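Single chain ahead, by itself, as structure tokens, in the form predicted alone.
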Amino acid sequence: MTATEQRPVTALRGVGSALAERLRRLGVAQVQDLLFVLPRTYEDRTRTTPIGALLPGMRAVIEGEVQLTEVTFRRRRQLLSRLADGSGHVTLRFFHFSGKQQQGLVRGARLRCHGEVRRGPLGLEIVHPEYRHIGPDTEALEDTLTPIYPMTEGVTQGRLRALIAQALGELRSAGVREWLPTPILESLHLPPLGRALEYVHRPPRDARLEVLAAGRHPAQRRLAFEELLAHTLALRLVKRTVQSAPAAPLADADCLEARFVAALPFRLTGAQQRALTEIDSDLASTHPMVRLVQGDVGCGKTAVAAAAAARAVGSGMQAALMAPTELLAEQHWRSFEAWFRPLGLPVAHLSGSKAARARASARETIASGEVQLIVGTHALFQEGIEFARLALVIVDEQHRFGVQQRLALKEKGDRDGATPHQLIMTATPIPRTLAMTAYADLDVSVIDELPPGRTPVKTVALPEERRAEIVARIAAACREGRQVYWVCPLIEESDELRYQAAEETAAQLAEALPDVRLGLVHGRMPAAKKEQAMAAFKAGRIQLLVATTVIEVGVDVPNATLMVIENAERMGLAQLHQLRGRVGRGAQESSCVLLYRKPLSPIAAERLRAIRESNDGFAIAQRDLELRGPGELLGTRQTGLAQLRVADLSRDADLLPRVQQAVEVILREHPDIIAPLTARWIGDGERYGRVG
């Protein structure tokens, strides 16, 4: 390795232990790490703008002479300085300032400033500009675009730029190690790593900002390729590590799975059967299964998971299903109870809200092996819960659990050198190209078929002006004995976004619908109150539930046939589709009303059109990926991917096939470069190797 890669960041001028600790939050421990703190965007500070040509919203470099500086007390103490250059004047406003700073802004001082121009009470102004005094020895304007880096508390942009400039100096003198094999590099037709890093940190003044903003410059593509490669390699190593561990093969000598499927009150779809066949093949292995089952809302993932649990029990072992909320855990428990009762198998239910005596009793039956099927919340992996023979862990909506929480449950089954099989379920349909990278550590089964007889939800988009019609429709639905969701994006009013707050909306609807039993659920309510309101809605005691998007993953209420989503134009397609999946779960025809504010942007209009025209979650996910990128589809919490610095799974999707090819070559021929490559982009990747 080169000296740059081995030296701690404290070797740089001006970096002591306190600053090193702050830099660690940016993933910076060694000098080379600074080179991979990449700009979020760029500003052009290579030329000055006459003050008279400034417009609100511009970010510009200006030069001028201080005409007046004073301290005022308008609501709060602030320092105002008027700067002029002959073409006009602008006010510099400081809310935080020192006496020394005030003394430096005397009448006649010449300044070079940079900042965002806005309208103020005295005309155009710049709040807290970056500035320096101009004199005969002042440096010329910058000859490269100025990078804007991600921030962390206690490290200013100026300090970070100075440190990265030192690291770039070392890069020029000592170089940076090129880990990618030459044949792979030649096939890419992209610049070498050192040249790519130099360009992204210091683009020339004639660089096209729109190309850089789009992430399409060859230098950015070079870095994106290496970053995607590092993440994919890390996840593939996780898969190798997990699958090399021993696991109990589940042969199901009692044929319990076949009896379970035969006893179900419905037939499995072809897609469910295909997923179950893939799972059965894994469970019969002496190495642990780590499989993701993804599918649309209502596709029947739970029934497939229950059949896998039946195979575990039929093999004399235990299976545990973990859900993110008590309400969802109770729903799964009731489903398991109904399905397994005809087979004479009890199902334990473990949650934090159960009485102490009931919890103690459940713990005893689980520890003794008397109960082989267990459903619960995070209470399943708390201290004091012991399993007799846990062989299968099922995690529902896995992105709502932290990696360490899932690891804690998995380790409950690490007995006699055997690791439990893991089955993870997600209701977010993921396009194949995304899944290849996001789930490189998992085998994936797709359930892309809905059970027969389900009536597609009818979706309409209406402007806010027709709110009164929608309220009348709610009244009619409730008179007919149906239930309704009303979804609001925020909890309290926001002047900037003008969202209708959930609490305010609930009050308005209660006034407009005095005969309707109304409930409210939002994220800031105590968990017990939230669960109570959702349970009342499920039981039919609440007819109209006003809620924020906390109900995106929720309970099954077949009697709910109407959903209204406010400010739908501000939501992504994946989230709209998830919310819409709360209705249409019974035999009755159901509707979803997308309420929007005018004017609609072209992208918002396209999103609303796409959700109206399709009920296919995979088609919607693909369209969402094209329109919005992967952020809405795949949060980092959901996938386990660390935050990508330069790559974008949507924008760089065309690189993914070449990434996959390079992964195979490196695993086969160059395994020695995996550790330094992943360390460069991921840092402490210990969690990748510990849980699937």
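Computed from a predicted model, the values in this text were never measured in an experiment. Each residue number is its position in the shown sequence, starting from 1.
The form predicted together with adenosine-5'-diphosphate exists for this protein as well; it is not shown, and the discussion that follows is about that form.
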| query | finding |
| --- | --- |
| Position in contact with adenosine-5'-diphosphate when the complex is considered in the predicted complex, options S445, T302, Q543, T377, heavy atoms within 4.5 Å | T302 |
| In the predicted complex, the one of H349, R93, R585, R221 near adenosine-5'-diphosphate [non-hydrogen atom within 4.5 angstroms] | R585 |
| is_contact(Q272, adenosine-5'-diphosphate) in the predicted complex, heavy atom dist at most 4.5 Å | yes |
| In the predicted complex, W339 touching adenosine-5'-diphosphate (heavy atom, 4.5 Å) | yes |
| adenosine-5'-diphosphate contact in the predicted complex: P324, any heavy atom under 4.5 Å | no |
| Contact test in the predicted complex: G572 vs adenosine-5'-diphosphate, heavy atoms, 4.5 Å | no |
| Contact segment among 263-271, 532-540, 247-255, 459-467, judged by heavy atoms lying within 4.5 Å of adenosine-5'-diphosphate in the predicted complex | 263-271 |
